[in-house]
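Okay, here we've got a single chain as structure tokens, the form predicted on its own, with questions on binding and movement later.
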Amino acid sequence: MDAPQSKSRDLDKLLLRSGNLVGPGFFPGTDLRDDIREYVRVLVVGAGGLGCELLKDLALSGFRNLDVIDMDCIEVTNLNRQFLFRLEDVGKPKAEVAAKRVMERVSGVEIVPHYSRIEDKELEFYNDFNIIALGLDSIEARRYINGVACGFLEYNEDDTPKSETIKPMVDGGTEGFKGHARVIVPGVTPCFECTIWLFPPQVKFPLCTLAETPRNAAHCIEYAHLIKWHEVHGGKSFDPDVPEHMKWVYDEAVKRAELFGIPGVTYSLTQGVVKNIIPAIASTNAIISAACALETLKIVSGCSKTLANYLTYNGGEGLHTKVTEFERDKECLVCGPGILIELDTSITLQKFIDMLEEHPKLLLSKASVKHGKNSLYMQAPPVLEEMHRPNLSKSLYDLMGRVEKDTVHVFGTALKNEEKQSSLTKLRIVFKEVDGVADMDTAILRVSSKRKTPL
């Protein structure tokens, strides 16, 4: 009788022997396989249709230390494509149920679930992982995680990235029968912001149509979202991630649809219109997830050359895949060396935060500021804001340890494409009254307490 085959036999073919396409740092052997199982930590962002597939594929690919973060709870409409969930799971956090189900099916894997918003985690939380795998359905969420990962990146004096500060990401996305998988190595390959033009602008409806002549369910939903909400709630901001807010919009959309005899308004459609989400298809999720899991394995092991650097899949009519190598934007404000700002040593943290709102490249309001591992000021929650409030009257130079120049990270709300979005940006601060600081390049934007003009 033949001996039973090893569960890792397919993985061993990649990790235990060399080949013509391996990376320069690849050293095959059981030590590599065991090190991946024991030491490599992967964060999966999103536990929806693509996230469920990613968790399963990564666990079966030899990764034993996984975390997953998602702020949503399971709905009945998820069950047709998010295979880790059951009817009895409706109402429970996606991250917790997905982690539990994968651990039940794959022995030896440890998955830590996080039921929270990605913005609620400290930056150091993300720095604890070797690689981040994205299974998101939101452009804004992708931009935030991209900003976080690029924020860890540091550059040498010659503007080459320091390899030990690179936080790689693998991003997957699906849209019906279409999908993409991409590898993002900050400072080396294009980041998400470098190729933001790949995503078409969100469809906008004329307000006159919404207010006077709605013709379909989407018009009724957008009327409740854009017009009715502000009429009833005044200055209160609508938050699509708050279930009560979304339920209110849905109820108002139903009333509007009934008034005009328009069918088709559902809660899932309301979420899709408001969040610009296109329903996913299980088979597309499986294909894109497999590509993302393979790229994750290739990055951490070097067992093969990684994707260069954007794969597209179209299964709408036949089957078509294509890999495109996009170029990195060397002037990118997110993955580049950072915006250079020259300041007086006397400028206070409060004045610096005010400048961020006026800076033409930032337009950042309600900013929080972090230097290294130290939070200089936090806008929220209230207890942290009160704790850091005394720093506002202190000089930024003193708060940064009286260094000549260094990097800070600022997080707040920025106006992008006429919409307010969360934004995390890296700034290179240079204090111009400190002895020994070299003259800065003429491209630097000089910003001081008295003036702000390009040289």
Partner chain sequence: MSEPKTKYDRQLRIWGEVGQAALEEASICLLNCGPTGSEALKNLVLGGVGSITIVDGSKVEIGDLGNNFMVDEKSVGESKAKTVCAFLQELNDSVKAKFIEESPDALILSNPCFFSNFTLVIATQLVGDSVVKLDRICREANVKLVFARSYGLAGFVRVSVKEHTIVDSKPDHFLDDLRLNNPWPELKSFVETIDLNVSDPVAHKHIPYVVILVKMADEWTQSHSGNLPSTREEKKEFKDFVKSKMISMDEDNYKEAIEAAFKVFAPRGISSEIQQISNDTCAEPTSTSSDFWVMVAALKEFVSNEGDGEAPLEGSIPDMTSSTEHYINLQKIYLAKAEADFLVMEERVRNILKNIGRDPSSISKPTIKSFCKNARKLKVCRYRMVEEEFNNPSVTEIQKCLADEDYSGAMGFYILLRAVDRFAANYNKFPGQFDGGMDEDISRLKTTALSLLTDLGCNGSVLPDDLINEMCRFGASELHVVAAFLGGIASQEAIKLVTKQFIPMLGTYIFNGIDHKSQLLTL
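All figures in this text were calculated on a predicted structure; none of them were measured in a lab. Under this definition, the rigid core comprises the largest set of C-alpha atoms superposing within 1.5 Å between the forms. Residue numbers count along the first chain shown, from 1.
Just so you know, the form predicted together with the partner chain exists too; it's not on screen, but the next bit is about it.
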(message) By the heavy atom within 4.5 Å rule, which residue out of P360, G176, P243, P381 makes contact with the partner chain in the predicted bound form?
(response) G176
(request) Could you work out which of V334, V249, L84, I145 is the residue within 4.5 angstroms of the partner chain in the predicted bound form, going by heavy atoms? (result) L84
(message) Residue-level question: is D70 within 4.5 Å of the partner chain in the predicted bound form, judged on heavy atoms?
(response) no
(message) So, S395 and the partner chain: in the predicted bound form, are they within 4.5 Å at any heavy atom pair?
(response) no
(request) Answer with yes or no whether W197 is in contact with the partner chain in the predicted bound form, where contact means some heavy atom within 4.5 Å. (result) no
(message) Using a 4.5 angstroms cut-off on non-hydrogen atoms, would I299 count as touching the partner chain in the predicted bound form?
(response) no
(request) Please determine, with the chain shown alone, which of 346 to 354, 300 to 308, 148 to 156, 165 to 173 has non-hydrogen atoms within 4.5 Å of the partner chain in the predicted bound form. (result) 300 to 308
(request) Tell me whether F129, K366 and S422, taken together, all sit within 4.5 Å of the partner chain in the predicted bound form, counting heavy atoms only. (result) no
(request) Scan 38 to 60 and note down the residues that get a heavy atom within 4.5 Å of the partner chain in the predicted bound form; none is a fine answer too. (result) E53, K56, D57, L60
(message) For a quick test of reading the superposition: does Q271 move by 2 Å or more at the CA between this form and the one not shown, rigid core aligned?
(response) yes
(request) Superpose on the rigid core, then tell me if the C-alpha of P240 is displaced by 2 angstroms or more between this form and the one not shown. (result) yes
(message) Rigid core superposed, CA of I262 - does it shift 2 Å or more between this form and the one not shown?
(response) yes
(message) Knowing the shift is 3 Å or more, I'd like to know if the C-alpha atoms of L79 and T270 are closer or farther apart in the predicted bound form than in the shown chain.
(response) farther
(message) I221 and G91: their C-alpha distance differs by 3 angstroms or more in the predicted bound form. Do they come closer or move farther apart compared with the shown form?
(response) farther
